[in-house]
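So this first bit is one chain, no partners, the form predicted on its own, shown in structure tokens.
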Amino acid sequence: MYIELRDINKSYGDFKASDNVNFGIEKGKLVALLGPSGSGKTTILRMIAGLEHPDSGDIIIDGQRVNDIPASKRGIGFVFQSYALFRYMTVFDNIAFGLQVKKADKKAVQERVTELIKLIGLEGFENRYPSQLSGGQRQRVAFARALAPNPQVLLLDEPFAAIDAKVRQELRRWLKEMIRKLGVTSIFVTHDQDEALDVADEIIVTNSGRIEQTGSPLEIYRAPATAFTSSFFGQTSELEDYTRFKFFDRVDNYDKAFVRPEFIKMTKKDEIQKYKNSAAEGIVEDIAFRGNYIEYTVNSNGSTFIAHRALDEEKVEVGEKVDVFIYRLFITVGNEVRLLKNGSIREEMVVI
């Protein structure tokens, strides 16, 4: 592993920000630290950077313990959520700043900054000031400034939080492409699961100062390993009592049951439903247009959950009675997660 955190603990008074944190990151990977606010992800990032120091445990980068190495000597580039650009400096000077602090040769600075300006697609903007740039352009400058000294690790703290939705989508793709092209090991903090699923090679899920699960986006989404992860990913809804729905195995002393929209087939009463005899009746309580699908809030058997229908399917109205068939669901027993499949169908017949 290129970056390793071993038995890391960090407290602020009575608050445990990092609770025996352990994980490893391979060289060249783009990794997301994902979790809700207060889950400890930014503290981890800052400890790797050397801006905070663990109370105990070891931080290893490229085989070297860096706990006692100053932030300026760790070879790390840091991109802040607020960009932290110098407003009185031009684009060129902002990117050159780290190199000039290290007293790099003037010609080398010119070549490196010119190379990075081309890389981030801002040729012709060299003499502009941050106030003359869009949010997306400022973020690209912050990215280039962090890369200028050729860091061995790039850290990004909520890099897309201050950018509007459309530009955020474009920057996600751009960042992913740049990281892969450059091959620099990168970690970014986010609380947005869609962002992590879209961008990261690997996700590290944090909660209450602990690591809940690590793995690829597909692995974590399809096979949550803890009770928290099963409820955090996807558009999950909790079922009041899953045993009210037909043909699911009964599990004694379970804690919670969760269902996602892709686990549900919702049909109008007069539509053909292959598993109609196994479906439950529901009533539509709310409707929301989501661009490429319609989202329905449905109440059935005392539970309220979300179901989706395609735009080309016949519209369902608020207050209309429907049939809902649940293919599968997650249940939790303590911190354990189990996937239950509806017994009325064979697994290979389920397409989601």
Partner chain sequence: MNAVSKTKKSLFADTSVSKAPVMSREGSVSIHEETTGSKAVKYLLIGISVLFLFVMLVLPLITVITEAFKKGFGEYFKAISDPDTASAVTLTLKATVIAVLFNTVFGVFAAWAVTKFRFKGKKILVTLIDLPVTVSPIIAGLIYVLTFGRQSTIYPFLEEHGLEVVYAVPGIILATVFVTFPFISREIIPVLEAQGTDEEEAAAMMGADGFTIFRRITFPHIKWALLYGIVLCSARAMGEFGAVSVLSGHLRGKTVTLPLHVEILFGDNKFMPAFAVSSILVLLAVMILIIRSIVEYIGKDRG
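Note that the coordinates shown come from a computational prediction; the quantities given were computed from them, not determined experimentally. Positions refer to the first chain, counted from 1.
Beyond what is shown, the protein has a form predicted together with its partner chain; the following relates to that form.
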Listed range touching its partner chain, judged in the predicted bound form by heavy atoms within 4.5 Å, from 255-263, 193-201, 99-107, 210-218
99-107
Which residue among R87, K274, K118, K181 has a heavy atom within 4.5 angstroms of its partner chain in the predicted bound form?
R87
From T114, S82, N127, N150: within 4.5 Å of its partner chain in the predicted bound form by heavy atoms is S82
For T243, is any heavy atom within 4.5 Å of its partner chain in the predicted bound form, or not?
no
Proximity of L175 to its partner chain in the predicted bound form, heavy atoms at 4.5 Å
no
Just checking whether V167 would be counted as a contact of its partner chain in the predicted bound form - the rule being heavy atoms within 4.5 angstroms.
no
Classify V251 as contacting or not contacting its partner chain in the predicted bound form by the rule of any non-hydrogen atom within 4.5 angstroms, answering yes or no.
no
